[in-house]
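First, one chain by itself: the form predicted alone, in structure tokens.
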Amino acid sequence: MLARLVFAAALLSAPMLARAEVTFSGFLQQNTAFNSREANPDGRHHKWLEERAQLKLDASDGAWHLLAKGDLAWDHLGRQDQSELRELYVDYTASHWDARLGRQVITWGLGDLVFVNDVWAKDHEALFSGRPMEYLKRGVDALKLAAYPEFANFELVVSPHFRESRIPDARRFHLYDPMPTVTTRGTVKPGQGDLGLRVYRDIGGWDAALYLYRGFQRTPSMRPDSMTAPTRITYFHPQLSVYGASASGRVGEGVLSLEAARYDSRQDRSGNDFAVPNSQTRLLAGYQFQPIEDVSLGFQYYVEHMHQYDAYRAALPAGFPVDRRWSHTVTARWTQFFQHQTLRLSVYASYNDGNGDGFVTPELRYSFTDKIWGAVGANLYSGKPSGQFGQLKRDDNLYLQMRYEF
């Protein structure tokens, strides 16, 4: 699928490149992340250790625009993905509509590291191993059509090939596994793509949006071949539909963000299949403000409500961790600039009251020049061994980033 998209983008852009205004940019980067508590499951002490180069081509000619962004990396830990096409798409812009074809990064919703309506692919390993935040999002191979009539704006995303989120590598992170003795494992990916629709407009000074999505869970579920004597585990992506809304606007001295979504687990609406996540309602409220110059504060309150909870409890096998009917999470982010905004200190923290799940990531970033910056930070985890962050509490790490942009 990617090869066909690359060919289509190249075919559409070839005449344009001959007469377009073309610019090249990119960066050279060193990224190191090492454990601060104990070694990885594979015995190594680094979460990430690489030198990376990115080249970006940007070309425009009238209504046409081409963007290509690719990475090459020298990986000291022997990872297989040492080259990556981050983005490659062609845009066409008309007076009341536009279209984008190719690999592109799509971001929906309002949450700060809390994803309610942002259903598109992410790289969780990048976040947990101290890579720059831009690597959290994965590009999606899709056709995006946008229309702008007077009463609202519409954005339709059609992806013929489903792209999953990347979860942390079990060789480098201590992940919770309810069946660790089963070594034969395989993955079944959806044989079809997914689609989403976003409708948005300004309503009385508030940015409001509606979201529709039909596809699959981005992170896989696991199903053993037997509960009494399992010999094989199959990972799969259950069917999912999402219906959501968001709104943000000025309240007092800051910006209030509200977001809600219903997660419809189409593959198991009754909740009787323990291997398929139950349907959910997700709610998010956030507030960001600037108490003094060069300082910003942001807070979020996030709630998940599991549907068909009694059926879930009845179907859950013995020994598996039990999720709560209601899950409550609070987050906070503090950002402060110093030295004419060349030095930035930021701290993000998240805590769930149900399982004590905690995640704290402080970072100090300094711009030596307009083209060179460096950052040092940490990823710190706490909670129960089965929690999203608690399972990683042996994976606390410190990271160092250095980048030269050209």
Partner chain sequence: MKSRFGCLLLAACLPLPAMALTGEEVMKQSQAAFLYPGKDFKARVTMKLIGKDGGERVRELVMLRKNFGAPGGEQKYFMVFFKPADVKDMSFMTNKYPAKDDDRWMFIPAVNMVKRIAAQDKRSSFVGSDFTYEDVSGRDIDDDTHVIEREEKLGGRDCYVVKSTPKTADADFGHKLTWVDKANFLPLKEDQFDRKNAAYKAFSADEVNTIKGHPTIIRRTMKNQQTGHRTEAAYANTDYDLGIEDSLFSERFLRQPPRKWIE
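Numbering follows the first chain given and starts at 1. This one's a predicted model, so the numbers in the text were calculated from it and none came from an experiment.
Quick note: we don't show the form predicted together with its partner chain, though the next part is all about it.
For the marked spot (E21, R100 and L110), a heavy atom within 4.5 Å of its partner chain in the predicted complex is present in each of the three residues.
In the predicted complex, its partner chain sits within 4.5 Å of a heavy atom belonging to Y366. When its partner chain is considered in the predicted complex, S60 lines it closely, a heavy atom lying within 4.5 Å.
Contact annotation for D310: none of its heavy atoms lies within 4.5 Å of its partner chain in the predicted complex. In the predicted complex, its partner chain lies farther than 4.5 Å from every heavy atom of G191. The contact with its partner chain in the predicted complex, taken as any heavy atom within 4.5 Å, belongs to A94 out of A94, V322, A314, A229.
Checking R131, R218, K137, R282 for any heavy atom within 4.5 Å of its partner chain in the predicted complex turns up a single hit: K137. Segments offered: 267-275, 169-177, 101-109, 236-244. Contacting its partner chain in the predicted complex at heavy atom distances within 4.5 Å is 101-109.
Heavy atoms closer than or equal to 4.5 Å to its partner chain in the predicted complex belong, across 335-357, to the residues H340, Q341, T342, ordered by sequence position.
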